[in-house]
Structures are given as structure tokens and as C-alpha cells.
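So this first bit is one chain, no partners, the form predicted alone, shown in C-alpha cells.
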Amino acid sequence: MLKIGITGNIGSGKTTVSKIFEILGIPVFYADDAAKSVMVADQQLIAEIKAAFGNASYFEDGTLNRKHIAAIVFNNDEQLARLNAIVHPATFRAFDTWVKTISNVPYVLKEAALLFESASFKMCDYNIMVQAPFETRVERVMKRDGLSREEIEKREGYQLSEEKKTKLADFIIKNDDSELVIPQVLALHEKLVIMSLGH
């Protein structure tokens, strides 16, 4: 069973593309959702977060005090990097545990915004990059999340450039209205199924 990473910069449509793979019967691990759940479930991670950001990082009922953590890491790149350095390994552990529960499929997908930045692409056999022009992505995110252009540009700044990610990726899916996405996904799915046979 192959492990395939899938990523794309903000507004690229990586989640939409992942949902198409799910319709084809491919299990998808959503790393960003997993990161949120491990922050309240993984005891090792909870201890590390408390050690790094104080006991106020969690409420008495065990839920994450997002405001407390956001106040520390917001506008502080060093603290954000520190948080990511703690959370990413726990998310990797969660992915490994999840993969062990999957069988009878040619491959699984790991959808992650920071696939290349966190180096988790190295844990995958192949990686897919979902591409869309910057202006298209900005428009999508403004409509979807109600974020300002400035906020989107700031988030974009935390990610590697689309150009760098494209060089690191094995496969590209264009989500820029020039080509239909579903035929691209179907073609890649067929290719990955064949590749999994020789794995």
C-alpha cells in the first residue's frame, strides 16, 4: 500500500481534490484535523505543550485554550515554529497509527497544508501538489473564510512558495479553471493503482 502526500497552498483546493479521491474509495488522513485532535488526546504532546507554553494552555476540562496559545504564537514566528516542532511529530505518530488500521486499498492519501514545510513528505512514497494561480486562490479564500487579502498573504508567507513545492512534488493537479479537475484525478488514480501493484 502506497502512502501519497497531497498538498497545495491556501485556497488551492487540496481538500476538494482529496474528497474526489475519497469518492474513488481512497482513505484520506487530514493532517490539520488530526493535529487538532492529538492536541487534546496525545498525552506526550499535552505535556510538551504545557512545558513550552504553560499550564494555561489547557482548561481544567482538558480542552485546548486556543486563545492562550494563539496570543503567544500570533505574530511571533519563533514561537509558532516551536509549536509546530512539538505538534508535527505527534501528527506523524497519529498518521502511522491510522495507516495500520487500513487494508485492501492500493494507496492512502495524507492531506497536509505543511506537507513540505514539516518534512512529512519524506514519509510518503509520492507527493501531489494541487496548483492554482495566486489571484484565484485569494478570491476563493476571501469568499470562503471572509479573510482579508492581507491575512491571506500573511498565511501564504508561512508556506513555501508554490514554485518550490512544485519542484518537490511528483504529480501536479491544476485547479485553475483551465482544465477539469475530475479527469486529472481519475488519470492519476489509475496511475497510482498501477504503481501500487509493483510496490
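In case it trips you up, residue 1 is the first one in the sequence shown, and so on. These figures come from a predicted structure and were not determined experimentally.
Below, we turn to the form predicted in complex with adenosine-5'-triphosphate (ATP), even though it does not appear here.
Arg144 is the sole member of Arg144, Arg66, Lys36, Lys50 with a non-hydrogen atom lying within 4.5 angstroms of adenosine-5'-triphosphate (ATP) in the predicted complex. For Val185, no non-hydrogen atom is located within 4.5 Å of adenosine-5'-triphosphate (ATP) in the predicted complex, even though that partner is not displayed. With contact defined as any non-hydrogen atom lying within 4.5 angstroms of adenosine-5'-triphosphate (ATP) in the predicted complex, the contacting residues in 13-35 are Gly13, Lys14, Thr15, Thr16, given in sequence order.
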